[in-house]
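The data below hold one chain only, encoded as structure tokens and taken in the form predicted alone.
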Amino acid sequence: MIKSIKNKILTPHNYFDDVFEKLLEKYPNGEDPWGLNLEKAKKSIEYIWPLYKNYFRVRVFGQENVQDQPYMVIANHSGQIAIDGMLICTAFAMEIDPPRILRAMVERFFTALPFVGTWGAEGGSVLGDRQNCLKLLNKGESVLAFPEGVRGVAKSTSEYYKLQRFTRGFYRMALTAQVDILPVAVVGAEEVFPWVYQAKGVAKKMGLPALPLSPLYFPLPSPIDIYIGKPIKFESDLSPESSDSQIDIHVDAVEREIQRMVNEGLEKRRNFFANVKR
């Protein structure tokens, strides 16, 4: 099994192959019980990379803040079609050393989507429940979570870049697994669909978490910046069983830090039509 995967995905002097050779050290069988398939993940990133690099012109700041250890990666949610998760995962696979497959926590409706759910699982996403998250963290994996949930992407234009209240589950899981929280801010994804109306009533009747309506059919090539902050240590005087009021103080602090990072990123945001030389 290992030999067949290496023969298929590794060739000398190829950037993608170098990255995925390192990933094979972590996943020697090329897969795991959650559906990850390293060979298919590589092919997906090879398709995504031109969009990442040339269409959205993604820049990553703060790579030096990422050490070779598991993290609970927490980010603002934006972009209406959750494109932010795909770009963050690509950044951690291709622009962080050592590379890693971020295990993105996704909603149940996503896992049930034909083809898309399978594609996501092969790339590393998992159903966002407590059991999956803790098992992955305990295995040394880094987990990506969006504590705003669907509310983060189900925003109308007037609410862009205003973080919705964070849920507290991510902090309890970081406490249980005793891993640092890594704050991430994404700036530019809101402009991918700059005019959006959320048809919440229709979405509810259809059993959907959100139904964004836009005159645009395709995402615009908005320049996107990803900021990785300094790790936040979990408080040693807390436990996973601490009261909600005790946990909320620290959840709010993480939310404020990411909002601060977003606000700073907005001040440095590139002109939409700028010819950015990389």
Partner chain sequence: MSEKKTNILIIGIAGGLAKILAGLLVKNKNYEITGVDPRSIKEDIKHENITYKQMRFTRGNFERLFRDKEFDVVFHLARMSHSNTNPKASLAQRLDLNLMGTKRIMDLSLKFGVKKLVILSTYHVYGALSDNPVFIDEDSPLKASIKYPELRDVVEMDQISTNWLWKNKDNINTVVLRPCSIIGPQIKNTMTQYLTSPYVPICMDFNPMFQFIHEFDMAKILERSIDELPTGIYNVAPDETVSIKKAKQILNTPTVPVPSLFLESTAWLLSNSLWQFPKYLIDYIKYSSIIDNTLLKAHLGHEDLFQYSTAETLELSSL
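Positions refer to the first chain, counted from 1. This is a predicted model, so every value here is computed, not measured.
The same protein also has a form predicted together with its partner chain, omitted here; what follows describes it.
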Exercise for the section: Check each of Thr176, Gln164, Thr167, Thr111 and return the one that places a heavy atom within 4.5 angstroms of its partner chain in the predicted complex. Expected result: Thr111
Practice task
Could you tell me which stretch in 238 to 246, 32 to 40, 62 to 70, 49 to 57 has residues with non-hydrogen atoms within 4.5 Å of its partner chain in the predicted complex?
Solution key: 32 to 40
Handout entry: Contact flag, Ile96 vs its partner chain in the predicted complex, heavy atom cut 4.5 Å
Key = no
Practice task
Would you check, heavy atoms only and a 4.5 Å threshold, whether Glu122 touches its partner chain in the predicted complex?
Solution key: yes
Handout entry: in the predicted complex, Asn138 touching its partner chain (heavy atom, 4.5 Å)
Key = no
Practice task
Report whether the minimum heavy atom distance between Leu127 and its partner chain in the predicted complex is within 4.5 Å.
Solution key: yes
